[in-house]
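This document contains two forms of one protein chain, each encoded as structure tokens and listed individually as structure 1 and structure 2.
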Structure 1
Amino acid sequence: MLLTVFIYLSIVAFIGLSLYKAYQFANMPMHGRWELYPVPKEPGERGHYGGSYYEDLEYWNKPREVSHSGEIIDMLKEMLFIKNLFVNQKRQWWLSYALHLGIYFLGLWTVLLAVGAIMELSGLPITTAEGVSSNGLASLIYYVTLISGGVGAILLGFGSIALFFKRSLNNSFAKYTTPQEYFNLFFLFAVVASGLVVWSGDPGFNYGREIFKALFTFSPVAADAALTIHILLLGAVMIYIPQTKMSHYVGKYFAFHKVLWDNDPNIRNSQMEGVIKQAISYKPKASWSAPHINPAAGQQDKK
């Protein structure tokens, strides 16, 4: 039962820490307002060629149109396909996208395992003593689960270890890679490697559906040594990820919506005016430690 409790805690920790990270991003002080164009929320051609509603005469007296669909589409291009990396550094994109695509496939695999577990609890088996169920829907769930899990694990394993060695052996990358980044990539690879060991003994991922059935029914998870190690590593990485730079899955929305594309006008008595006044009055809590800053001089100025 301890293993079941650990799985519950890791899921709750992942969701809770991710939400807390989103709360931190949402409450950060206002950014520098660079207003980098093109901004996809500008409707029509302006969103493509880099124009702005600021071009209109007396724009402050005219109703403003915002294309939320354009913003969402452009954001999804980055989140799902890592568009900017592809445009600027294609060689790096292949490895990075293999890692990310592997995560997407494993996300689908997790959902399918949960669906399969619910179906089996409802009396519709995914597999039988003779093999795969003859039911059309059950067999579809089985094979899509098999493909998404296998492809996801291989891509994530390849992407993580390939990026690890590229950052280690390429001098240009090694200069800017921190020890934590090496650890992050190796941690992901270790989780995948342990999962592949478990998968080798159960190619149909039946163990995954059994785990979900135990979670749904608040029952003990039955696991051998290999599966126990995999569950512990997977739970640990779920707790770890939201506390590191890998939590950019939360920050991307804020980086685009509130930094790159925030071109709301600063008009008298507007909401933006209030936000800017609050930002101007913000006093950072951290002290300067740069060698060109003299803390003592600053204290004297205050006196």
Structure 2
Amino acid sequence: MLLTVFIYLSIVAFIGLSLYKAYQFANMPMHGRWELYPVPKEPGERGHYGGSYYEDLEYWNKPREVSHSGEIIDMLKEMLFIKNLFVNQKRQWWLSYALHLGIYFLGLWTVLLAVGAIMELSGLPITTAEGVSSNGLASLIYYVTLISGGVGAILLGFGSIALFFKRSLNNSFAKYTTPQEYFNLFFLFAVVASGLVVWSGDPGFNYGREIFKALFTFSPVAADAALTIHILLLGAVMIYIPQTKMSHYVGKYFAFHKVLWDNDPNIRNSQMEGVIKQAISYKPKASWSAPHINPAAGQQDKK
């Protein structure tokens, strides 16, 4: 039963800590504009070549056009394909993308395991004593789970260990890599390796569905030593990730949306002006000490 509780705890920690990170960023004070073009929400060609409403005469008298589709497409390209890395550093992209694609496949695999578990709980077994169920939907779930889990594990395992070695052996990377960054990659690899051990004993990932069934019914997970180690490592990494910079899935959202692509102009009597009014009414409780900012601080230093 302890394992069941631990799994719940790690899921809650992963989601909760990630949301808390997002909450912290979302609640920071309004910052000065720091956009960087191209901004994909600029409509049409502008979103590509890097133009903005500042190219229009008296832009403040024109309706502001925003291309949400442009923004979403760019966001998806970045999320699904890590476009910027692909365009600017292909060699690194292969390894990094393997790792990230592996995680996406494993995400799909997790969802499919949960779906499979629900189906089994509702009386539609995915596998029977004779093998994979003859039911079309059940066998579809079985095979897609198998493929996504297998491909995901191999990609993530390869990506993490390949990046680990690249970081260790390529001097330009090694110089900037902290012990924790090696540890992070190795940790991911260790989780995959422990998973591969478990998987080798049950290639159909039936153990995964059993775990979800235990979670849904809040009953003990039946686990041998290998599975127990795998669950502990996986749970630990889920608790650990949001507390490290591996939580860049949160940071990246804010870096693009709230900084580089945030070019909404402050037009007289607009909603933005209202937000700004509110923000600039804040009176900071501390100040910098240079003489041109706070002459009194300099005097105090001298005393």
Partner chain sequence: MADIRPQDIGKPSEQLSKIENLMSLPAPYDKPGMEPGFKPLKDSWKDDYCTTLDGFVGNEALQRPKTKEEEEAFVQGFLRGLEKLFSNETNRNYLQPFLLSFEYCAKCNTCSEACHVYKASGEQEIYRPIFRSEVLRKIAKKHMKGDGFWTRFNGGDIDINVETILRLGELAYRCNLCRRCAQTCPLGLDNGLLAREIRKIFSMELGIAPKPLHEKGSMLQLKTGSSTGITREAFLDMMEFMEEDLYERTGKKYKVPIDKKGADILLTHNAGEFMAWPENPAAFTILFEEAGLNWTLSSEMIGYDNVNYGLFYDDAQTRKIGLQQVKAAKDLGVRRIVVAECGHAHKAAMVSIDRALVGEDNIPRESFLPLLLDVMKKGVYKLDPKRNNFPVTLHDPCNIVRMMGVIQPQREIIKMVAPQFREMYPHGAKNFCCGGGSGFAIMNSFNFPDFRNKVSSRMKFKQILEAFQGVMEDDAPKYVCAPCSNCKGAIRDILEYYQATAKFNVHYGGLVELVVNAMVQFDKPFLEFLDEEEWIAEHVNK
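Each form is matched to the other, and the largest set of C-alpha atoms that superpose within 1.5 Å is called the rigid core. Sequence positions of structure 1, starting at 1, serve as the residue numbers. Model, not experiment: these values are computed from the prediction.
Between the two isolated copies of the chain, the form predicted together with the partner chain corresponds to structure 2. If you fit the rigid core between structures 1 and 2, you'll see the Cα of I11 move by less than 2 angstroms. Once the rigid core is used as the reference frame, the Cα position of V275 differs between structures 1 and 2 by 2 Å or more.
Once the rigid core is overlaid between structures 1 and 2, Q243 does not reach a Cα shift of 2 Å, moving by less than that. When the rigid core is fitted, M28 shows a C-alpha shift of 2.8 Å between structures 1 and 2.
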